[in-house]
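Here's a solo chain for you in structure tokens, the form predicted on its own.
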């Protein structure tokens, strides 16, 4: 499953354990990362949305990257989120990640004032020029409120170090059609987030799955990814069906709230959601726990 490219296969996105003040627990982060290394995921996505990058200071983000680089020790490619509102801040974060030893960058066009396509292009160009690391475009309109046109993706793919794109699931569900259109316009490695559509995306020929649940239950998630990438439709559908109730909780409550609750339930880390985000209510917690127990049992029963 592993690849010389950080943008192929299962990319697992762990939470970033931190206290209520946003101080990263680097020891707990190391434990989470060690589980991903032992499982053999293709890459690790540090400081993604589940990794609360938008809520952490530059100093804490750098602490997290340094701790991750030390823990992973070159065993698996480490993709680090460098998204920020200001271009100069994103450039600084990208340089921090490169200096600390990251293998690649994930860059979202974070915005308050809505960005134009040209503004996003210039933002990505500036960050790409600032380091030699390969860059994955983070197309996440649900949080950034910015949608990349295919023309913009084509322009960005002409920048030497921009190598991949992390796409949301297509609204019309036409994964084969979207993949074909993107491959016609770009030479980017194309991966998808939205865990509930990952099986379909990989079976349709996507290069990567950027996975929230992969950061929590890496072995079982890797089983699904391997089956789908091998074209094992029955195996992929069987595992996807087991995950389906969990996907519904992600949609209902937001995956970040579910994941942070499960971190403590599994005794993996004590991690506070950054305010103003609030933990799940008791009844919702119980619902999630009942749903996830079969997956926890399966995760524990798998071998490396």
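None of these values were measured; they are calculated from a predicted model. Numbering follows the first chain given and starts at 1.
Keep in mind the form predicted together with another copy of the chain is missing from the figure; the text below concerns it.
For residue 260, no non-hydrogen atom is located within 4.5 Å of another copy of the chain in the predicted bound form, even though that partner is not displayed. Within 4.5 Å of some heavy atom of another copy of the chain in the predicted bound form lies at least one heavy atom of residue 118.
In the predicted bound form, another copy of the chain sits within 4.5 Å of a heavy atom belonging to residue 123. Under a 4.5 angstroms non-hydrogen atom cutoff, another copy of the chain in the predicted bound form has residue 256 among its neighbouring residues. For the candidate spot formed by 21, 142 and 145, every residue has a non-hydrogen atom within 4.5 angstroms of another copy of the chain in the predicted bound form. Stretch 47-55 is the contacting one of 66-74, 242-250, 262-270, 47-55, since its residues have non-hydrogen atoms within 4.5 Å of another copy of the chain in the predicted bound form. Proximity to another copy of the chain in the predicted bound form, taken as a non-hydrogen atom within 4.5 angstroms, holds for one residue of 160, 88, 232, 151, which is 88.
Along 266-296, a non-hydrogen atom within 4.5 Å of another copy of the chain in the predicted bound form is carried by 274, 275, 276, 277, 278, in order along the sequence.
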